[in-house]
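First comes one chain, alone, set out as structure tokens in the form predicted alone.
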């Protein structure tokens, strides 16, 4: 790997463990292969690091690469017609009961070949990377049988092998109950076959703990099985109503509790004490025309907060983290610095990755050069393409 310098950085912004964002003006970052070797002011750059290939940022701002900690990136088909029906007044629940919702995507994903899924998902991933995402979590959950859940992991692994960004795999077999199958028999399949077969190929197991998903007791059984097989734990918690998902996630020491649209102050306190990261997904609220999660309340509770796209074909067809940052500021009450923290270090914490989200020596060399001199433009000018260069694992991806 090439040793490089990023020079001419007008302002470098880096989140801190204290939930603030530090900045250095007239900065330089030295990269040694896939890692950051040195960070500081241009005038302090050690002489032995100066003779390297250079990327001149020409006064632009630099932030860490975005960490998208919650996506359903691998799927077939779309649900545009369903979207139009919701705009016409139909509810998500009524559409799902008529064969739409998650099950519609399951049918399309089961029917698609591995190569078709790789092609469609690669295009989405390329757009994410172009918008500054350098780490992406991808869930299964549109298979709901062993063969298709395994096929989805095949696709995720193919994406990971072909891209310079880091991909984290999550098994979400407990996403819905397949048509014509009882809940009990399906959960037996998940715990008895799907998790044991896929555990060695994934980092996490997720469950949909929600009034339209599975109960807290059912999810606890699935997560107990996942933990016994060495998987980290994540929870879709309390999105459409309060089902005890946040409370259960905290009690089980889950890495993250995601959505949290109906979480209470007591739930947030439990998450704070457990060290479970709250992953908020404003794209779902935007698409479903529902109230946004209380970002201000979550941040002020002391819970570590991440923002993510929730990229999926039904309720949040978003691919770009800068737009999510803007929603965090404009609709959820976060400051620009808080939203940047949540989209970078917060996402890394949600995925339990200690080597990214911060621009510091020893960290993975994941950086975004903004085509502006300040990160506040991500929310101040939310419709712009503010990405000038993306560096993933030390490798420049533009130009």
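Given the structure is predicted, the values throughout are model-derived calculations rather than measurements. Residue numbers count along the first chain shown, from 1.
Absent from the display: the form predicted in complex with a small molecule. The rest refers to it.
Remark: residue 239 counts among the residues lining the small molecule in the predicted complex, judged by a heavy atom distance of 4.5 Å or less. When the small molecule is considered in the predicted complex, residue 312 lines it closely, a heavy atom lying within 4.5 Å.
Contact annotation: residue 129 falls outside 4.5 Å of the small molecule in the predicted complex, judged by heavy atom distances. Among heavy atoms of residue 72, some come within 4.5 Å of the small molecule in the predicted complex.
Comment: 231-239 is the region of 231-239, 157-165, 317-325, 183-191 lying near the small molecule in the predicted complex, near meaning a non-hydrogen atom within 4.5 Å.
Using a 4.5 Å cut-off to the small molecule in the predicted complex, each of 92, 102 and 175 places a heavy atom inside that distance.
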